[in-house]
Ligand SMILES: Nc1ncnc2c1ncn2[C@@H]1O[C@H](COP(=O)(O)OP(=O)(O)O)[C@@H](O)[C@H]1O
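Just one chain is shown here, as C-alpha cells, and it is the form predicted on its own.
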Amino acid sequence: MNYVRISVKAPAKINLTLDVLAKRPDGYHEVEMVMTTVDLADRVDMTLREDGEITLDCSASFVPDDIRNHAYKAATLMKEKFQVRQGVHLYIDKQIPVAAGLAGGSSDAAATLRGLNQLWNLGLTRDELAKIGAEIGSDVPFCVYGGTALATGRGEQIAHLGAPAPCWVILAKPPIGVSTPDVYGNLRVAQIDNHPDTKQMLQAIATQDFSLMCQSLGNVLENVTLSLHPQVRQIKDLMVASGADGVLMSGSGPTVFALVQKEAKVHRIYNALRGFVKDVFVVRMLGAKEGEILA
C-alpha cells in the first residue's frame, strides 16, 4: 500500500521501577526498569517529500527543528541507513511536556521510525526498528514497542510483560526542566541503599495485583532530583496527603505520578494539584501494545 501521509501516535511512558546497578565502561549506567505507556500522547504527522529533504515543524515553538530533535534524528538515520531517495516533512503535535521524565522525545523518535517504515515501504520488523532506535536514545527501543516491559542494559534490552492492573494515572509536572545527564551525574551508585524490588513488581504485573504494584514502586533517581528541585518533593507529598494509592517520580523527573483505582479520589487529587501546578493530566494506563498508525 502506498502512503503519502501518515499520522502516528507517540504515547508517554512512566517508570514503575527504575534501578541503577552500575556505571558502565561506555559511560552509560546499567539499569533495570519496569516501564509502561500511558494515554497521554504526541502525534507525529509525516508527509512524503519527493525532493529528498527532511523538514520538521512542531506545535511547541521551543522544540528544536533540526538534528537536536530525536524525531529529526530518526528520519535522518533511516534515510542514510537505507539510502532512501525520498524525504519527509514531520509535524509534531506536542502534548507530552518537554524534559519531563516521560520520554516524549524518545516516543516521537519511535513513532517516526514506525511511520517511515510504512511511508518509505521499508518492510522492517518491530525488532529491527527497535535496534535502530537504540542508536538514537536509550528509551527509544521501549517506545518502539510500547505496552509494558522490563528494560535492562542501558535501557535498550526489552522483555515484554503483560498489562498491569488497570487504574487511573495522575501526572503533575512542575514548571522546570530536568537534565537526565545532570541527574545521573549526581547519582552515586555505591551509595544507593534502597533499591526497588523489581521481582516483586514483575509479580504484581503478572498477577494484576494493584496493591502490590503500588507497594513495589521505586526509583533510585528520585532522591537526586528531590534534592535538586524541592518543588518535586512538594508535589509528591501533596499526592500522598490527598490519598493516592501509589506515588513515584517518573524517569529523571520532574514529573510525579499518582496511581489511583477509585474515580472519586482522582478528582480530589487533581483539584489539589491544580492549585499548585499548571501541568496536571489525568489518564489511563495503556498497559498493552496497541496499533498506533492513525491514518
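One-based numbering along the sequence shown. What you see is a predicted model, and the numbers here were worked out from it, not measured in a lab.
Note that the form predicted in complex with the ligand isn't included here; everything after this is about it.
A heavy atom within 4.5 Å of the ligand in the predicted complex is found for exactly one of 76, 180, 223, 211: 180.
99 is the sole member of 163, 189, 122, 99 with a non-hydrogen atom within 4.5 Å of the ligand in the predicted complex. Contact check for residue 68: a heavy atom falls within 4.5 Å of the ligand in the predicted complex. For residue 92, a non-hydrogen atom is located within 4.5 Å of the ligand in the predicted complex, even though that partner is not displayed. At a distance threshold of 4.5 angstroms between non-hydrogen atoms, residue 146 is out of contact with the ligand in the predicted complex. For residue 248, no non-hydrogen atom is located within 4.5 Å of the ligand in the predicted complex, even though that partner is not displayed.
Heavy atoms within 4.5 Å of the ligand in the predicted complex are found in exactly one of 189-197, 163-171, 123-131, 68-76, that being 68-76.
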